[in-house]
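This document opens with one chain alone, in structure tokens, the form predicted alone.
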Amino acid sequence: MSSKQTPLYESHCRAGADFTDFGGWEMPVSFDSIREEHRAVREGVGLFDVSHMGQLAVDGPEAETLLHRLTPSDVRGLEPGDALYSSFLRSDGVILDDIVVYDHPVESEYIVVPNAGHDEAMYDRLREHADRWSLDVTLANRTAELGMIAVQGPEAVDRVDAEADEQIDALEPFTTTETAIGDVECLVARTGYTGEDGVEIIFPGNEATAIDRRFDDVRRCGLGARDTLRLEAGLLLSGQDFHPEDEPHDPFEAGIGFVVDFGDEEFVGRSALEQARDEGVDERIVGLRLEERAIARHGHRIVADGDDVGQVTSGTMSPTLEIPIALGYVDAGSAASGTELAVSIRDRTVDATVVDTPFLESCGE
């Protein structure tokens, strides 16, 4: 099966992008240099095509009830214009996918954004539970109809402000507004996946060229820089740092226990998470700073005194810090910051230290 193409694909081709398949989409890995694209976002502004992310509309009198029961978060507490980071869980508490929920600032609907390639499965999950619980909702998978870009970096908000009718600088983090950029009506959210300030912009896919031209002076960035940026920020990658089959973890193990609001109502996975809360977890995700210039990769063993205590899920050479960093799960007894461990990389063992994330804060000057 051939990969899907985003509405900005032709623009990427003209810009000389190198492509890869990601979640069933043909996506740019880089346009020039991953390191330079990374630096542009840390020091100025960069633009990512994130149209491969899912776009699911949930509407109807019981839309709020559906999302409140299917996520462990307080969806009922959202006001129009709010955004919420959360997750879909199995009944045993294992993360199926992490998501962002937008309570649309104008329309009476929610927009659920799952990860690339997960839109159909998450749509089916919404549909299945709406039917099972006899809820009055209307669902639509708009992934193929919409485009989405992320403009990220310390200069990002000012750059988008220059194009938007509404004052984007007035948006609080994790809030949204509907505004025109040129002649195109867009949903703009002060969200991102880089550890920097910035916004994500959703627009009709057939208006992609008009939006693209508005930001033709902003450096294009690919998945390579997106990965190094999110890893420096200690952010999880679906399918790599958690996966329902290969890396089955609940929110407490994965370091996103803040999404769980036990409140007064039932939600899928509640019983399992209550047990994890009360009894503790056996393993936790941690940040690792490697003490030699070696790259830890997914699947590399984490050891203590020669015994396996965990496994790496993500790793890179940090372009900002210029040190090797990684995420991985370790036994709970080895998860405290400052714990000295090691990572088995090919035929040698490299010393590593558990550090807090974001790495930019714990390992920076």
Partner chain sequence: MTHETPDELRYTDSHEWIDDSGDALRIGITDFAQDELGDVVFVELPAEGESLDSGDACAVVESIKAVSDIYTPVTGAVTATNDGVLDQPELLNTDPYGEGWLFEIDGAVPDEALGATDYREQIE
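Quick caveat: nothing in here was measured; it's all calculated off a predicted structure. Positions refer to the first chain, counted from 1.
The form predicted together with its partner chain exists for this protein as well; it is not shown, and the discussion that follows is about that form.
| said: Just to confirm, with a 4.5 Å cut-off on non-hydrogen atoms, which of Leu139, Ala294, Met122, Leu273 contacts its partner chain in the model of the complex? | reply: It is Ala294 that has a heavy atom within 4.5 Å of the partner.
| said: Looking at Thr316, Gln311, Thr65, Thr339 here, can you tell me which has any non-hydrogen atom within 4.5 angstroms of its partner chain in the model of the complex? | reply: Flagged contact: Thr316.
| field | Partner proximity in the model of the complex: Arg346 to its partner chain, non-hydrogen atom cutoff 4.5 Å | value | Arg346: contacts its partner chain in the model of the complex.
| field | Contact flag, Thr71 vs its partner chain in the model of the complex, heavy atom cut 4.5 Å | value | Output for Thr71 is no: heavy atoms all beyond 4.5 Å of its partner chain.
| request: Classify Leu321 as contacting or not contacting its partner chain in the model of the complex by the rule of any non-hydrogen atom within 4.5 angstroms, answering yes or no. | output: Residue-level check for Leu321: no, no contact with its partner chain.
| Looking at the partner-bound form in the model of the complex, is Ala57 within 4.5 Å of its partner chain by any heavy atom? | No, Ala57 is distant from the partner.
| Segment assignment from 31-39, 48-56, 327-335, 301-309: heavy atom within 4.5 Å of its partner chain in the model of the complex | In the other structure, the partner sits against 31-39.
| Those residues of 205-230 which, in the model of the complex, come within 4.5 Å of its partner chain by heavy atom | Only a single residue, Thr228, comes within 4.5 Å of the partner.
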